[in-house]
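Just one chain follows, in the form predicted on its own, and it is written as structure tokens.
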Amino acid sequence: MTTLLPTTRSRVARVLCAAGVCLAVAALSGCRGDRSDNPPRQILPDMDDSPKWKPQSESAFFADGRTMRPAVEGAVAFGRYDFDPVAFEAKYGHEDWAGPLIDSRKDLLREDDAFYRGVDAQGDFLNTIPPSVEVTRDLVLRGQSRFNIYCSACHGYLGDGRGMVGDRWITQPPSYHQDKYRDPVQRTGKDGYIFDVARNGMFDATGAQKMPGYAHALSERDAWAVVAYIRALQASRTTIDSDQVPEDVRQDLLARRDADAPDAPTPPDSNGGGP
């Protein structure tokens, strides 16, 4: 067994250290770093400056020069999440958390013209909200929320065309309480027409746009909810028999009236008697 003297070991260590430094320098020389001493210093510029395509920019890779590629003809987006809704529903049922995901897949196909376009088989606007849309209290409240956000600025919270923006127009928006918007015999009084205007806007006979469409903000379901709420606003302006109002709702309305007018006389009881 050979034993190195301390002096020899020191020399070997220095040689190995120098060799390591040389290897490190050689490795770094293989990196195409920035030639400037000013920061930032790019050790691997290919990773920092990797090629990418931005929307609406040019690319010589494609014949048409566009980076954004058009969808394949006939292709339909179907599924934002990676699960089989048919198999899932068959095994677990229409669970609350999966229900919106399953419905969103159906929405992507848009096979129901009544629901997605507001028209019948002949292409005419529907007189009433399609049967596939169940008109419930929650739907009307959803419609109220969407109407107040997107419609009230011009059409007013009461649908009378007296919104803050509408009042400043040269031509004030019409009131939804006019007969032309209530009578389904007229084209403008059909639910399908109001749905279409909410989604796609309104154009006059010359093709000039009089109202922008809100399809970017209102889904088909929300647009039908807005239609339901507009009908509720119209119904609030008509005279109805109080017997048609459920007793609990009637009592709640009477209580609210009294709260707003504490000095008013006591309303009759539920049997129609006096105070």
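Quick note: we count residues from 1 along the sequence shown, nothing fancier. Model, not experiment: these values are computed from the prediction.
The form predicted together with a small molecule is left out here; the points below concern that form.
Chemist: Taking the small molecule as it sits in the model of the complex, is Val226 in contact with it (heavy atom to heavy atom, 4.5 Å or less)?
Modeler: Answer yes; at least one heavy atom of Val226 falls within 4.5 Å of the small molecule in the model of the complex.
Chemist: Answer for Pro173 alone: is it within 4.5 Å of the small molecule in the model of the complex, judged on heavy atom distances?
Modeler: Pro173: yes, in contact with the small molecule in the model of the complex.
Chemist: With heavy atoms only and a cut-off of 4.5 Å, decide whether Tyr150 touches the small molecule in the model of the complex.
Modeler: Tyr150: contacts the small molecule in the model of the complex.
Chemist: With the partner left out here, check for me: in the model of the complex, does some heavy atom of Cys154 sit within 4.5 Å of the small molecule?
Modeler: Output for Cys154 is yes: heavy atoms within 4.5 Å of the small molecule.
Chemist: Which is the contacting stretch out of 190-198, 67-75, 121-129, 100-108, given heavy atoms within 4.5 Å of the small molecule in the model of the complex?
Modeler: Answer to the contact question: 190-198.
Chemist: Taking Val133, Leu141 and Arg237 together, does each of them reach the small molecule in the model of the complex with some heavy atom inside 4.5 Å?
Modeler: No: none of Val133, Leu141 and Arg237 comes within 4.5 Å of the small molecule in the model of the complex.
Chemist: Among the candidate residues Val245, Ile43, Met211, Ala232, which is the single one with a non-hydrogen atom no more than 4.5 Å from the small molecule in the model of the complex?
Modeler: Comparing distances to the small molecule in the model of the complex, the residue within 4.5 Å is Met211.
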